[in-house]
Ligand SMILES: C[S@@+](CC[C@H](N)C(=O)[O-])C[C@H]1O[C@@H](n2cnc3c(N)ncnc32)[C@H](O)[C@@H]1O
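Below you'll find only one chain, the form predicted alone, shown as structure tokens.
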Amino acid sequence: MTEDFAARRASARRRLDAIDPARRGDLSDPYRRGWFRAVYDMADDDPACVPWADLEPHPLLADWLAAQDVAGLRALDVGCGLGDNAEALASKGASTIAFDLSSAAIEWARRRFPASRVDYRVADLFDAPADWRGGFDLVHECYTLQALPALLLAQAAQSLARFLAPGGRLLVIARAREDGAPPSGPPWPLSSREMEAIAAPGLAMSSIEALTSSGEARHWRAIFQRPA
């Protein structure tokens, strides 16, 4: 990240925080759909203005993929943003669908990767296409859960679990906070108890790691699996 990029990002964060009702404790729109769309609508094609767009796959996803064989798997990238994580999945041979709530984000991702094998679509995690139910061997979620208030985490976990085929895996990457520490956000880092609760809709937690990446705060990387 160049000094200029960092300065533009810091300026954008201030603008976005100023229009984010959740920053004022107002959760009248708990799904935060209006704010997420505003992020991309206000970005004016500058990725520095999208706080989570680093123009490369998340390091914890890239590290995980380096040790995995996902070739031929049906993969779903949740809240794909500008597409870097989805492209990483596809580059390893996964047949990948990637979706985002924002049509502007999807259009941007398609422009960035005009020859992509990824199927980019506009969709809502809480109102996803019916034919996605049980349709994926691998579901990747990075930073979506932590962007939602605690009152929606159980519903979001159920939505993610529905995507999995028998034997399918859900990979979750999120910032971590200590159990008992008050949540502060948005984003709201997840406690280990909140991570464990993702397994409630009939999944089993296969692994959970507390990791740091590129000098950032502690993160969770966890795998959940639907029974075969």
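These figures come from a predicted structure and were not determined experimentally. When you see a residue number, it is the position in the sequence shown, counting from 1.
Unshown form predicted in complex with the ligand; subsequent notes refer to it.
Note that among 68-76, 111-119, 90-98, 140-148, the stretch whose heavy atoms approach the ligand to within 4.5 Å in the model of the complex is 140-148. Here the marked residues G81, A123 and F126 all reach the ligand in the model of the complex, each with a heavy atom within 4.5 angstroms. In the model of the complex, none of the heavy atoms of W64 sits within 4.5 Å of a heavy atom of the ligand. For the chain shown alone, Y40 is a contact residue for the ligand in the model of the complex, at least one non-hydrogen atom being within 4.5 angstroms. Contact residues in stretch 36-57 (any heavy atom within 4.5 Å of the ligand, taken in the model of the complex) are F36, Y40, W52.
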